[in-house]
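Before any questions on how it binds or moves, here is one chain, the form predicted alone, in structure tokens.
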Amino acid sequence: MAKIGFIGLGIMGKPMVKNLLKAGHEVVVYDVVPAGVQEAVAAGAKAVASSKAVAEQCVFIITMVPNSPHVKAAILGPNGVLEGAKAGSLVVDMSSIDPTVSKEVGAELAKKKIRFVDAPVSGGEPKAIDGTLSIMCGGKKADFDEALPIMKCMGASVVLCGEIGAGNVTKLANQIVVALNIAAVSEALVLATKAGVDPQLVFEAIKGGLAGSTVMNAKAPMMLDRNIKPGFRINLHIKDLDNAMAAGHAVGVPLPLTGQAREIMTSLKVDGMGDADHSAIVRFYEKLAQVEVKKQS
């Protein structure tokens, strides 16, 4: 079993640490928020006082923080991983960030002969809890192979997509598809409701056909139950779509539908739903149509 450093104990990081502990690994943790650290320690992890201290104690280090600036702070900033890590250490960033930042972080670590893999995840809190995340990786094959057994404690699918940055490009592609799929399901169920057809029956009728998807199966029931408790918050999806737009602009790819989805989510954030699940996109369409999507029987 390995000794693993883990930085970032939020909605995703906490269950990921618990799955590493269940697999028998020793886990050393740090977060700027004490509550997450306390929960991880209660599950069997050991807490230290900084990202630097994590890296001093572990040669395999995972970061799972909200966005690009947090990754740079945790790894390259004062008291960060770079200050404490030994040459030959392997850093796996499982945050969802701008691919150009992944490349920048990887290059800085390489100066000290520290290896790096970007490995963002998809599946939200439910799949983090049951250890069935989809993990998309960028880095050298040898580094990926070394990290694979540990990542398999947290994910059902772990794929090397290319060099450093490729994992986050893949995650951004994933987030575009998820956002637009939720928006399409929302439009469809609002149409059904306004037209007087039970949206539950519409969902049951179409989910087994070409329109069916993992996104629909996960999010339509939440819409029908009027449940917006977050598995994945709108604020975080806005962050991902901002990164997707930036990546698109950097390589000259227009993303018109992604831009529309991002503006829909921004409207919901203005309405106070930034911390709601992204299935709350349906509320945007409900407001336009003056109806509520819900089970009719």
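Residue numbers run from 1 along the displayed sequence. Source: prediction; values computed, not measured.
Just so it is clear, the following notes concern the form predicted together with a small molecule, a form of the same protein that is not shown.
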property: Partner contact for K219 in the predicted bound form: the small molecule, 4.5 angstroms, heavy atom; result: no
property: Residue contact check: V32 to the small molecule in the predicted bound form, 4.5 Å heavy atom; result: yes
property: Any non-hydrogen atom of S102 within 4.5 angstroms of the small molecule in the predicted bound form; result: no
property: Contact flag, L236 vs the small molecule in the predicted bound form, heavy atom cut 4.5 Å; result: yes
property: In the predicted bound form, segment of 150-158, 179-187, 220-228, 90-98 with a heavy atom within 4.5 Å of the small molecule; result: 90-98
property: Position in contact with the small molecule when the complex is considered in the predicted bound form, options V27, M265, M64, I61, heavy atoms within 4.5 Å; result: M64
property: Joint contact, G10, G13 and H70 to the small molecule in the predicted bound form, by non-hydrogen atom at 4.5 Å; result: yes
